[in-house]
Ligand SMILES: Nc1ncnc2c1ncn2[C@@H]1O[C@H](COP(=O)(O)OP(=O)(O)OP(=O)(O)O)[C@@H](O)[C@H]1O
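Next up: just one chain, as structure tokens, the form predicted alone.
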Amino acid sequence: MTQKTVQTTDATQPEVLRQHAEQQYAHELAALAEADSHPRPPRWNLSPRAVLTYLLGGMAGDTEITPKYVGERRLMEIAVATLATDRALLLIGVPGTAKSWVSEHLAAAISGDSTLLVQGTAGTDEQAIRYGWNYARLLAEGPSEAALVESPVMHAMREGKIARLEELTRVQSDVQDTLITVLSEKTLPVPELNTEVQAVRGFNLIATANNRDKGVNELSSALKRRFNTVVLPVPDSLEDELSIVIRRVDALGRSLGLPEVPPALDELRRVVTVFRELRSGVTEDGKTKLKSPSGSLSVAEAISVAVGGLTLAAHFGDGELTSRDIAASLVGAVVKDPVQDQQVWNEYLETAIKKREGWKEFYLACREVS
């Protein structure tokens, strides 16, 4: 008989494709906790000031804290302060504005656990937010604590931690309203057991919602009142957006084990420029109006394009990122609709890119793929 090897997801093992924030940045969180002399709300691992440093970057003793969010400081101050109150936090923005990223890092810094997550979809039911049952035990023993299956929200309430709910507007309206009692009364009734779970101090909820989903499942006014809303904008400048892309591409390249490719700042700058121009409908110099494609062209998609280009360069190129590597991934990100978007893309190449100084190689690579 052959012995079966059990694969684990220990954070120290290189086989883990993506570590949780509290694992990947454990050394930073530990350094912040050690250097943190400010008051902490109940069951917070760090003070609000230290959480802000973790998000925006800085120093903790001799340890450099890398920025997790590039943007307006005041927005992060409001987000952190909200979680220290009895109001839940709703992060809203277009795709790629780091809503999920900020949500994960907030939970990691405050609770040391970013895994208490409910992924909202059209099929999310009340059990995902409230609780479910182990039906084998339920049939054998009837309703009991042992047969109860806690949701991430219920677990966070018991432990005094931060729960996360992604894509709230994807969830059906009647299921959304399950949160009203949790957020207003800080309790979750379990009528089958004639009991309830009361939230322990330190509990709160971070929800995210997509601007482009507005109208899919609008939040009720009763539920909106339970949230403090923070709108995360797209990066103000090309340099800010480029900084985000470079940092995330570098981190993803390491986690994926890609062969090291020399930095190619010019190529990444072109990707970010293309995305910003098509997203805004005008060239960076403001001289040429453009049509926008149907896709969101978010920062997250720009990162994916760059990682795709790095992969091609590392495995099928000469080890240097070129316009040809970038173009292969870029066209697929822009052209979602093969008719409408293709026309928009072709027009953009001819009117904005063709005569741009220093972009000839990029133009020819994109034309070749298109």
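Counting begins at 1, following the sequence as shown. Note that the structure is a prediction, hence the values are computed from the model and not measured.
The form predicted in complex with the ligand exists for this protein as well; it is not shown, and the discussion that follows is about that form.
Would Val190 count as a contact of the ligand in the predicted complex, using a 4.5 angstroms cut-off between non-hydrogen atoms?
Val190 lies outside the contact set for the ligand.
Do Trp101 and the ligand share at least one heavy atom pair within 4.5 Å in the predicted complex?
Yes, Trp101 sits close enough to the ligand in the predicted complex that at least one of its heavy atoms falls within 4.5 Å.
If you check in the predicted complex, is Trp44 within 4.5 Å of the ligand, heavy atoms only?
Looking in the predicted complex, residue contacts with the ligand do not include Trp44, since no heavy atom lies within 4.5 Å.
Considering only heavy atoms, tell me if Arg248 and the ligand come within 4.5 Å of each other in the predicted complex.
Arg248: contacts the ligand in the predicted complex.
Sort through 135-143, 193-201, 120-128, 292-300 and report the only stretch with a non-hydrogen atom within 4.5 Å of the ligand in the predicted complex.
In short, 292-300.
Can you pick the one in Leu179, Ile162, Leu268, Ile244 that has a heavy atom within 4.5 Å of the ligand in the predicted complex?
Of the listed residues, the single hit is Ile244.
Ok, Thr82, Gln172, Asn210, Ser151: which has a heavy atom sitting within 4.5 Å of the ligand in the predicted complex?
Contact check passes for Asn210.
Suppose contact means any heavy atom within 4.5 Å; which members of 46-76 contact the ligand in the predicted complex?
Residues within 4.5 Å: Lys68, Tyr69, Val70.
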